[in-house]
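Only one chain is given next, in structure tokens, and it is the form predicted on its own.
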Amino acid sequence: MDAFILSRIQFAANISFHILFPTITIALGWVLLYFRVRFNFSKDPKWMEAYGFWVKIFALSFAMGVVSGITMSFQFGTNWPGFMEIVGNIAGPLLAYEVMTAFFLEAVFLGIMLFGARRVKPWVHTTATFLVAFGTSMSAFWIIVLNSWMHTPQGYEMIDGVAHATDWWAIVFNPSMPYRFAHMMLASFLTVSFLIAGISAFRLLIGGHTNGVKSALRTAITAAALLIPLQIYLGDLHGLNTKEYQPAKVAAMEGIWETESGAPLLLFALPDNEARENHFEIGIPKLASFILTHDWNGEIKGLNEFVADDGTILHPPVDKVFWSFRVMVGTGVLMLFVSWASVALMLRRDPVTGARRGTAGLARPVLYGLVAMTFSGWLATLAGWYTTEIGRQPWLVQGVLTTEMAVADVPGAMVASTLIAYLIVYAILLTAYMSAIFYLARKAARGEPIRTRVDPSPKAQAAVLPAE
């Protein structure tokens, strides 16, 4: 493979590894704030027990996200210099805004959040938790702004082949940004919901039957059940926006080669990029048109419309986009089923006492199922990210800069060697990270103390309890 393909694979590997950890920290910060506030009002130590465990996961994830983000940013200079040369006047300030608004907040208050519970007043610790959570969301905001602008660029002009900003309001609030930001935030909350549910279920299975574990499990399952329908609705809005601004991507997602009215929703197909057709199609008649146009006979532009007169392909590789989209949707449907079934089981009443069963209604097979879904949010997020980013090809910035125009002129062997090194390191780190989470869960289940004092009052001192 040449340097261009290898550089794309290397950046994909880096960003795939990096995105796993912000996907956790963005939402987990807000969940920690929820635990902290619940304790402030109720003084029930179970909430601080949950906080004490999950703040460790937050710290681990935050560290991994920072380190992987640094290595990823290097590649703008080493592998993709054309990106900053042509659109750096816009990308540079947006990345700087992230540093000024997000990293400063996180750097200042993260230490208080992680280590200050026994040293500062409760309101100070709560405020620090809020500001760290807010900082992670602001970081996501600016990154999504830049990424959305690359998909739907607005508010710029080209002067001598270089993009210059003319309207920062239009750049920041470009047409796809609200949908992408909301979709990403919900993806983060769903990822964290299933992470908390899976680890909490694991702790219950190995004997960690504490009130903190049960409360965290109920919170996570309930949040997932409520957020899944909202994510589906936002996904529909995002799809309509994509159809308007990136119709080639939508055509690839649906596997539609010829423009047609009443297009079917393909449940299964094998897209053939060379023959420009699908094999073994299984679909529901007219459903794709109804979903995308809200009209059973609505017209959807086919992929063959995106071929230049000289034969240049101006649409993404269909098979990759087609299947990554279905992995994302399929994982989401599984999340919906698992969360709703779990909530239904928890809401069932005991035939003797009449009380709701709560987590006691989750039989061991259900708990094993939740453990299996622990990292399902990662799968859905990566599949959605591949759909979005591969679906933009051959453009790096839609209609402005192609991916091939931005790549560095470096030997393919050099890119290959660094790619192999990255993959080995990432495999080791990811294995260590996942192992560390389950190791912490085992330690907590064995009854080790939660070393967190949040208030000098005797009642609050009860929060310093063994996890039992």
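In case it trips you up, residue 1 is the first one in the sequence shown, and so on. Everything numeric here is computed off the predicted structure, so don't read it as measured data.
A second form of this protein, the form predicted in complex with a small molecule, is not displayed here; the remarks below concern that form.
Undergrad: Among 74-82, 337-345, 298-306, 263-271, mark the stretch whose residues have heavy atoms within 4.5 Å of the small molecule in the predicted bound form.
TA: That would be 74-82.
Undergrad: In the predicted bound form, does every one of A12, F62 and L382 come within 4.5 Å of the small molecule, counting any heavy atom?
TA: Every listed residue reaches the small molecule in the predicted bound form, so yes.
Undergrad: To verify the annotation, which of these, M373, I143, I171, A223, has a non-hydrogen atom within 4.5 Å of the small molecule in the predicted bound form?
TA: Exactly one residue meets the criterion: I143.
Undergrad: With a cut-off of 4.5 Å between heavy atoms, is N147 one of the residues that contacts the small molecule in the predicted bound form?
TA: Heavy-atom contact with the small molecule at 4.5 Å: present for N147.
Undergrad: Looking at the partner-bound form in the predicted bound form, is F322 within 4.5 Å of the small molecule by any heavy atom?
TA: Contact check for F322: no, nothing within 4.5 Å of the small molecule in the predicted bound form.
Undergrad: If you check in the predicted bound form, is A413 within 4.5 Å of the small molecule, heavy atoms only?
TA: No, A413 stays farther than 4.5 Å from the small molecule in the predicted bound form.
Undergrad: In the predicted bound form, does R392 come within 4.5 Å of the small molecule, counting heavy atoms only?
TA: Answer yes; at least one heavy atom of R392 falls within 4.5 Å of the small molecule in the predicted bound form.
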